[in-house]
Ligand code: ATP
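In the block that follows, a single chain appears as structure tokens, in the form predicted on its own.
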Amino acid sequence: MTSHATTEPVDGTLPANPVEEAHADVPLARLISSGWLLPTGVAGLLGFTAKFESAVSALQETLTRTHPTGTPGPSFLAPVMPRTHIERAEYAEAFPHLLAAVHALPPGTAQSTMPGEDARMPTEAVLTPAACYSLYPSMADRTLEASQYFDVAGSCYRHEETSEVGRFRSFRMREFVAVGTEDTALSWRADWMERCRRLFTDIGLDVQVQAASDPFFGPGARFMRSSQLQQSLKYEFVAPVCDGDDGTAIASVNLHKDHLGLRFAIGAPGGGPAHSSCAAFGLERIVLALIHQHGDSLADWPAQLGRVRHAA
């Protein structure tokens, strides 16, 4: 598919030989040569083979079965979202270094000459940084009659300049989200903490659970990280995704308290601002952890992953 829009910031150009470039990193090179990943020549941007996608599909089915009350599967959200929504969530204030905006030529640009790159202007869209941010606008400026539960997935983007295995700029996320009363959010978080432990045990991953904080930006970042840790708002499930990796976060369980309820003016059933919590799964990272743990032959992977045993 061809697009005339670009994203900013943009850095680097495609090297003459992207395979050779990618092979400068030994763990990444092994994943490429073993038929899992496809290099693009830009750090953090990778394609995925049919073999890798069969593992993602099996993981998605496993996550669907893990849902506590049953779900037909996720709703897939757009990889871009309105700039106004992300600004209302205050993501742009907390993480401006990770956010990428879509730039394009303004309507009516003269076609008589080829415009320069500086002619491209910010549009009303940004690349989605996390799947759940697309949910809250649908509940904005009203009071919920009952707590709401969501199963969503989508392609996300965060502008991280790294070739570290597992730290993709473009990646897919599956999230289970609860929005409602404070008790709803707390119960949802507690339930998914235990479900995540069982899930990773079932698929043969030895994970560590760690209190964590988000990579806030600016002079208040240290305070924000400290506050998040002190309140135990974020826990990550950590596992190695390649040789030499001490551990990478492959999933997290997050308590937002009433932050997003206040930002989007969502009222909780019974009064007060809505609280929310989510369980988020990095699909590519979990597959990388499975490859590291169980090897390159899908037939040797745990039976709990179902159809992957018969794939490719």
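Model, not experiment: these values are computed from the prediction. The first residue of the shown sequence is 1; numbering continues from there.
The same protein also has a form predicted in complex with this ligand, omitted here; what follows describes it.
Interface residue among V287, A58, I266, A251, judged by heavy atoms within 4.5 Å of this ligand in the predicted bound form: A251. Residue in contact with this ligand in the predicted bound form (any heavy atom within 4.5 Å), chosen from A280, I32, L46, L255: A280. Taking the partner from the other structure, this ligand in the predicted bound form has no heavy atom within 4.5 Å of any heavy atom of H85. In the predicted bound form, none of the heavy atoms of R120 sits within 4.5 Å of a heavy atom of this ligand. Though the partner is left out of this view, E90 does not reach within 4.5 Å of this ligand in the predicted bound form, counting heavy atoms only. Proximity of E182 to this ligand in the predicted bound form falls outside the 4.5 Å heavy atom cutoff. Residues E160, R167 and K234 are all found to lie within 4.5 Å of this ligand in the predicted bound form, as judged by heavy atom distances. Heavy atoms within 4.5 Å of this ligand in the predicted bound form are found in one stretch of 145-153, 120-128, 170-178, 76-84, which is 170-178.
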